[in-house]
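Shown here is one chain on its own, the form predicted alone, set out as structure tokens.
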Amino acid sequence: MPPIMGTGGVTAAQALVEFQAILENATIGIMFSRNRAVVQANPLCAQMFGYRYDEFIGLSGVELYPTPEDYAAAGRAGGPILSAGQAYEAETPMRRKDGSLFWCRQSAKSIDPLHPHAGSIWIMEDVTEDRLMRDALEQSTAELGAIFDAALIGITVLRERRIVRCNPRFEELLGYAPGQLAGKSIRVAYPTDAAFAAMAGIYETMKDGSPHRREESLQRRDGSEFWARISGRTLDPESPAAGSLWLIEDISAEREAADRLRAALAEQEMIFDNAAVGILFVRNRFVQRCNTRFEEIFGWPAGELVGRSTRVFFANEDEYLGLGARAYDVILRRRVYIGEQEVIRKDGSHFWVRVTGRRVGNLQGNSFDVIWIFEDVTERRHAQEELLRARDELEVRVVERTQELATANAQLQGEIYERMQAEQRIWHMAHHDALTGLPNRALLLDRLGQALAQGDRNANNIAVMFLDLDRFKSINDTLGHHIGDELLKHVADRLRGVVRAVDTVSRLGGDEFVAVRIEGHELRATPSIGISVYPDDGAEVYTLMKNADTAMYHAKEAGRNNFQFFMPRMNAAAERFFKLEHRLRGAVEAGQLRLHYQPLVDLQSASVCGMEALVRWLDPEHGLISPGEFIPVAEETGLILPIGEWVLTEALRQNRRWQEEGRPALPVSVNLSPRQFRQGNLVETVSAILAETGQPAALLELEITESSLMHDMDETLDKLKALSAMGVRLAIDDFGTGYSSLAYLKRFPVHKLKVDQSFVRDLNEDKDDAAIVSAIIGMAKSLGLDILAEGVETEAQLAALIEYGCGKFQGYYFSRPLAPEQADALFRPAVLN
């Protein structure tokens, strides 16, 4: 008895095997129900509900719902739809065997609407994670909107230098009523046309995504001006038309305070330099600073005393130690020491001075800082005998004078102390990161220089580690910069907590940290770390930092969340990459790129049914360069965008030239890289190129990888729908190597699947590859999609593919990619003649 044959020449047994393979290997739950009970399912469906397969079969439908009431409600909602022969879709909580609930997306249809007892088929997908993510995203969006409206600084979005959106604080700063600024040119904020025109140059500096910060005077609606601190960044460096975000803060009061501080410092400096007494600032008995009068008293040239021990002012060690014994016990108790001491000038001559000393700074500090006031009293000492005769009168005058001097000294010391504190604050601000409080680049370079000097003296190794947070930009883009800032603060605190006191942790900017080693959101941040070691990887600061940076980028290339020690070959690899990038940029400008075409063959009609355009680089010096060598460089550097646009334009122009020569009007296929597909203006670019080349959209087929489709499902769906609505055909390239999800095939308006050549290559030897290819072809047919196998090189591969039901092919068996001048061989491959 001959076997029972199905459609396409497949026996019933074969169809049953193929159906079973699809059922068992499907990535979603599939279930058949009859009389409100499970009669058949795939293992994944039973696993989804927490049952063994044998337990699941025969289970009553009510057991799968949270309550009998939920089950009854689902029946009322879905029953009429299924009875009408339509597809029923829902997203509801379902119950596992252990009683726990999960969100499930259901799609069901009756096997035979005219015979309800025949049962129905159900597609089940666990979407708990997607549901939670969607709820969290909605909550985050609401919170960000509230923050935008309630922010205490002005926020605005500009596009083409016009105000697209702004918050109430921005309107308040510029003196406008709510809603009055929308659509206006930002010129309204500038007092002059020249100030507004200067903004054009600022946008150029922001093209690479770098933030811009400045302070300048802005104008309110009433004509008054105020000082503002302005910060800006482009929304998308790859798409300047997307606009830019600006933060504006009124710092008029801050500027006035800074002006007053500078004036006070200038006054204090003038007092210090022009005081009639010598003033000396000493730390641990070493000169830190002195005024001009002090240098005159002791006969030293300007600046030569700084850094010297105060021992140079005494004739011998006993006098030096004696003053210390008398004065420092008083000073330690926060009292003022006043006394007279014989000292020496630089030329060795002796004279008498009156000294007044008082400690400044923290008593618990490691340094001992003292302000001394010196007055030359030599003449008085020499006239002491004469003064003794008028002792009573002198004592009265000395007391009065002493009181006056004490008051003046106390006032002067207080002013100097305030000035020292201000200098310390200014120094800290200049050498530390404002966000994290970590040392900045300037202080890092200084400390690293000291570390190298110490390492050189002690023959120690020194490690420089560059740490970059992986995918930090996605946190800023998704949750906002304030969340990113909080993450950076937490990372800084953790780094401070794991290094020693002698180590330095520095933030260079963005999400980059450096450690110098001498010996409400739950965020998961991983680091990529590059390490260079002194002296093996460099003998000076900038070399060590550059090599650590290079090693860090290799850590990112190695998959992120790891560390890499610098090796000389890394520089060689970076240099090769740079040279190839430079040559590639020149090749794009010089027109060295070429397109070759490989025919797509429909074996049933024995004809060519399309052409795939493949880019080649004809380098005048190195000859033909493989796309596998230069396409990754183009992706990394962004050159893939102009290259991809050129490929699309040139392919459509060539197709038009062929038509003008009388060739058949065939679709031309063009690959879109992931970076091209993520462009915000992709749809507009394709439309413009079609209009420019005069080609109908139906003759363009865009090939997109599975990974590109899964990047942002909502945005991807919008782009695909727009392209499909234009008439452009869409194909999934290298199908089977990525997600291969029935869910997205159902949602996305794709027209063709291309079986990846990795499965075709070992089709005749590898049973797994054969099963995958068979399943893909069967799935495409059941979904009504066109199917094409690429990489066909042998007659055996072709025969197997035909047996599985594939009718369209591409590969060396039919033709290699050829230049457009070889049109005859492209449109009529020899194997078809």
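What you see is a predicted model; the values in this text were computed from it and never measured. Residues carry their position along the shown sequence, with the first being 1.
Unshown form predicted together with a small molecule; subsequent notes refer to it.
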| property | result |
| --- | --- |
| Whether P627, D734 and P817 all lie within 4.5 angstroms of the small molecule in the predicted complex by heavy atom | yes |
| Interface residue in the predicted complex among N409, N671, T310, N440, criterion: non-hydrogen atom within 4.5 angstroms of the small molecule | N671 |
| Contacting member of V647, L699, I344, L641, with respect to the small molecule in the predicted complex [4.5 Å, heavy atom] | V647 |
| Interface membership of E703, the small molecule in the predicted complex, 4.5 Å heavy atom rule | yes |
| Interface membership of I155, the small molecule in the predicted complex, 4.5 Å heavy atom rule | no |
| Exercise: E793 in contact with the small molecule in the predicted complex, heavy atom 4.5 Å | yes |
| 4.5 Å heavy atom contact, N655 to the small molecule in the predicted complex | no |
| Stretch in contact, per heavy atom within 4.5 angstroms of the small molecule in the predicted complex, of 346-354, 672-680, 539-547, 81-89 | 672-680 |
